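One chain is shown next in structure tokens, namely the form predicted alone.
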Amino acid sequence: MMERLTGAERQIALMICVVMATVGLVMAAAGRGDPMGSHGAIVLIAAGITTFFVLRAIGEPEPAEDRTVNYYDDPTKAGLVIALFWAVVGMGMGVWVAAQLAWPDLRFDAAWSSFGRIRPVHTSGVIFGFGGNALIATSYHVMQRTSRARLAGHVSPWFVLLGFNLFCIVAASGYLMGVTQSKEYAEPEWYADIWLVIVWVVYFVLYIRTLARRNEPHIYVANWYYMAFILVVAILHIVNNLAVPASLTGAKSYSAFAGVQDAMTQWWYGHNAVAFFLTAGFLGMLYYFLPKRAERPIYSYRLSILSFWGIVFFYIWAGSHHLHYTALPQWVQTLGMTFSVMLLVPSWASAGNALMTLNGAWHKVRDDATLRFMMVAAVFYGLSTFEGSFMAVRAVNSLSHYTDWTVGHVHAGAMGWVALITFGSIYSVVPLLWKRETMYSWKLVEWHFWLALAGTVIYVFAMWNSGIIQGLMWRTYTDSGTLAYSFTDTLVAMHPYYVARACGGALFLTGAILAAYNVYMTIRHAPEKHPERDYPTSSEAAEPAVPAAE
């Protein structure tokens, strides 16, 4: 893939690798005896591997392709493959975490395998490793096709993709070593946070530059959602991770916030990470891949724009519903609750818009498992957003908070919405990118769909039952005013549901493994003979004629 870079671009890539190797060496030397030193070694190894591939291509002749008439899909291809790798790793860790809660002996009596260390490996592996790589890869694909313009640069897409994965590796290895800020979805320490800011700024500039050179005057709505994802996540990440390192030669840092202000900042970040990372970005996927697959226009383009602005405005205020019955001022809690309920309107507008788009194409949903992935994802998106608004109401929250009901709600969104729309998008785009007629095996796609759906339903229903029973047991009192059940009693009552959760997660993981195998075999399969039909990138913007034989 490096052979497609020009000589000047290879020189720039080599310079970046040298700088990264230097940074890694300094971190390794300065952080001896500290986890920071181990992370420096990881950075140094990553820089060395990348340097090897750049040097292999450094003397190759200049690429002969005409860049004005082709898209640059190499980073997209790599991003999709890496996303599937993280899916298997992250979901595998999730099954292990779930199994530990049912059978605690699976901890192996090792510090690195404790629940507190492998649980963030699962969450970060799925959210950032799987979801993040899928978002980056599909955003590259979508912005080129909807803009009819090639990516604005050939080094920066690789820098963003590889740099983001370096962040994921540093984060995951840090968790196993016990390195954490103890902030949900924001556990990595200060040097990893700084690196992610650099990567994210380059990503934002790349997206803006590509849109600026578009040959299509209109900016399609999917790009609005991707841009909201990129811009707001940057703001959230920077503010929530403001910290003072205890030492420049160590991993430990202290948050710039304290007490209730720290809690409010964290859940402003945490809930909006769900909003703009796990909602806005994946709505960008939905608004592009679902109409393309169904071969139907969006039911209401105006509704998609209204939904966008509703989500952007309402979501940003909703984070305080995580802090009901705490030291947070009552009016702030009520504000978060109110905006959470209002969120139901733009959220259901998007879910309804997606389902109405399928009018006249339900026979395709019946026959096409890829489109079925997207349809069920839209249904789960609607269900999850209704449940979230319902759980934000203070009276409901008094029962649901701190229970497994919240876990069920999160996974209804993560498995039923995020993962299903991602797998549907991957199945839709992989044959196009690798110039294949279809996926290697549509039977495997069917199997994956039913495994994923069964796993999600089992998981979510187990946690709904578990959470409601937990909440009711915790608030049951005897006639004398003492608690009717001990904490151990609640654990005994939860055990069957924890076993069911592990089984549901195992089904979902099996589906992800089938997806990875299917994509691998599709890539290996011989390409189709007829030329690729794709939108051109030239300024004339006329679609190529389809050969008469086809």
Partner chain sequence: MDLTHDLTSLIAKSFGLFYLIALSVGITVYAYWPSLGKRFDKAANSILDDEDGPCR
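This structure is a prediction, so every number in the text was calculated from the model and none was measured. Numbering follows the first chain given and starts at 1.
Omitted from view is the form predicted together with the partner chain, to which the following refers.
The partner is absent here; in the predicted bound form, the one residue of Met415, Leu343, Val233, Ala149 having a heavy atom within 4.5 Å of the partner chain is Ala149.
Among the residues Tyr440, Tyr220, Phe449, Phe85, the one placing a heavy atom within 4.5 Å of the partner chain in the predicted bound form is Tyr220. Using a 4.5 angstroms threshold between heavy atoms, Phe164 stays clear of the partner chain in the predicted bound form. Within this chain, Trp331 lines the site of the partner chain in the predicted bound form, having a heavy atom no more than 4.5 Å away.
The partner chain in the predicted bound form is approached by Pro291, whose closest heavy atom lies within 4.5 angstroms of it. The partner chain in the predicted bound form comes within 4.5 Å of a heavy atom belonging to Ile298.
Not one of Arg4, Trp158 and Ala246 places a heavy atom within 4.5 Å of the partner chain in the predicted bound form. In short, of 238-246, 172-180, 299-307, 186-194 it is 299-307 that has heavy atoms within 4.5 Å of the partner chain in the predicted bound form.
Residues His141, Arg145, Thr146 of 110-147 are found to place at least one heavy atom within 4.5 Å of the partner chain in the predicted bound form.
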